[in-house]
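As structure tokens, one chain now follows by itself in the form predicted on its own.
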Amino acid sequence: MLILRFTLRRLLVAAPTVLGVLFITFMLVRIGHQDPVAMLAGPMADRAMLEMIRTQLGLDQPLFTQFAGYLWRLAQGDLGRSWQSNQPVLHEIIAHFPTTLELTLLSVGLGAIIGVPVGLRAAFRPNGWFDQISRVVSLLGFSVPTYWMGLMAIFIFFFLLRLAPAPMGRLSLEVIAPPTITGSLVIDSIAAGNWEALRSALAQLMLPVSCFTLIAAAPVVKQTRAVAIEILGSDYIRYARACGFSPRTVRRIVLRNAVAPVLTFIGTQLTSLLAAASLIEFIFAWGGLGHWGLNAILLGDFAAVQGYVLTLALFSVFVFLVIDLLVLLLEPRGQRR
């Protein structure tokens, strides 16, 4: 009952946020300098054709009337139709989202597996050689631009060393793709027993996942170290040490108390990196949701941009809800509220 009330309260709080994101996105894409009507009509279109296309798309109506119509269609599950592909936006999102989710989940998962132990080790021996090295490496992960890291990875591991396949999508052109079940080539290849496709999919994942993992691990190391150092300086850790607890027991206490804040931070990383995946996907021709959304923004495809932003907003709400529920279960003090 507590979890149900907590979930409903979080959803009620998230609803105005999602509505605000929709409103801001809807208005921004329409008051920008891009005119999709001219792009759709072509350079040879006259004024009459431009007005006809504008009327067909409903862009001749007042902005608030357009927004009300958009909300009404959205309530019916209609996200509109992409002006570039002439496909329903919902179908496009369903087709591209698993691709980005596979890349992001693998990268954030590996970043957490690497970042949390490194951050804890650095906190237990502050200002030591391991702490200094981890801080420098995490600073590089913060500082290096995403696109530069991806281009350098391609230049070194594909062009110079020939250790990675060509950055031309999720699967080699010589391999037959497995039947689509989940949208993840790794899972679909295993389900179909297509081991050649599995090897190719894992090889294509190597470079983008490695770049994304470095980007994800750097802030996790920094945040875990900061949380652990703060806990090590707390009164209950001093009391535990004064009672003669072993260093292993002290580390266990620190880890137990660091779970909630670190888990919350990893959730924020997952949502932010899903939005930042567009650059990595563009460089590696990944064809996921980020690549699709970036093209929609560049081409001024209003319906696709709105669907892309809505997907990011709903995914963020879902991730934060799951993280809050996990923290509620892991943190005894939260259950007494």
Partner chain sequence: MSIATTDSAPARPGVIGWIIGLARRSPTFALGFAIVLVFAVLALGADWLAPFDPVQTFPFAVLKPPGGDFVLGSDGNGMDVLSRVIHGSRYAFGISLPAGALMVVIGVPLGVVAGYKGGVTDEVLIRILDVLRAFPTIILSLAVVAAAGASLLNVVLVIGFLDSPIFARIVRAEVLALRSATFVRAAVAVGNPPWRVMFVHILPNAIMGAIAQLPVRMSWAVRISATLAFVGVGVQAPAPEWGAMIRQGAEFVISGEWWVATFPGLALIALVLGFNLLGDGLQDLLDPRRRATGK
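Residue numbers count along the first chain shown, from 1. Not measured: the values here are computed from a predicted model.
Below, we turn to the form predicted in complex with the partner chain, even though it does not appear here.
S.K.: Quick check on this chain: which one of Leu106, Ile229, Ile190, Leu90 has a heavy atom within 4.5 Å of the partner chain in the model of the complex?
M.R.: Contact residue from the list: Ile229.
S.K.: Only one of Gly77, Pro145, Gly128, Gly244 comes within 4.5 Å of the partner chain in the model of the complex by heavy atoms, so just point that one out.
M.R.: If I apply the 4.5 Å criterion carefully, the residue I get is Pro145.
S.K.: Suppose contact means a heavy atom within 4.5 Å; in the model of the complex, does that hold for all of Met152, Ser272 and Leu294 with the partner chain?
M.R.: Spot residues vs the partner chain: full contact, yes.
S.K.: Contact between Ala303 and the partner chain in the model of the complex at 4.5 Å, heavy atoms?
M.R.: The answer is no: Ala303 has no heavy atom within 4.5 Å of the partner chain.
S.K.: I'd like to check something about Arg135: if you look in the model of the complex, is any of its heavy atoms closer than or equal to 4.5 Å to a heavy atom of the partner chain?
M.R.: Output for Arg135 is yes: heavy atoms within 4.5 Å of the partner chain.
S.K.: In the model of the complex, is there a heavy atom of the partner chain that lies within 4.5 Å of any heavy atom of Phe158, even though the partner is absent here?
M.R.: Answer yes; at least one heavy atom of Phe158 falls within 4.5 Å of the partner chain in the model of the complex.
S.K.: Tell me, yes or no, whether Phe282 is in contact with the partner chain in the model of the complex, where a contact means a heavy atom of each within 4.5 Å.
M.R.: Yes - in the model of the complex, heavy atoms of Phe282 and the partner chain come within 4.5 Å of each other.
S.K.: Which residues, if any, of 289-321 lie within 4.5 Å of the partner chain in the model of the complex when only heavy atoms count?
M.R.: The stretch 289-321, when checked against the partner chain in the model of the complex, contributes Leu294, Ile297, Leu298, Val305, Tyr308, Val309, Leu312, Ala313, Ser316, Val317, Phe320 at the 4.5 Å heavy-atom cut-off.
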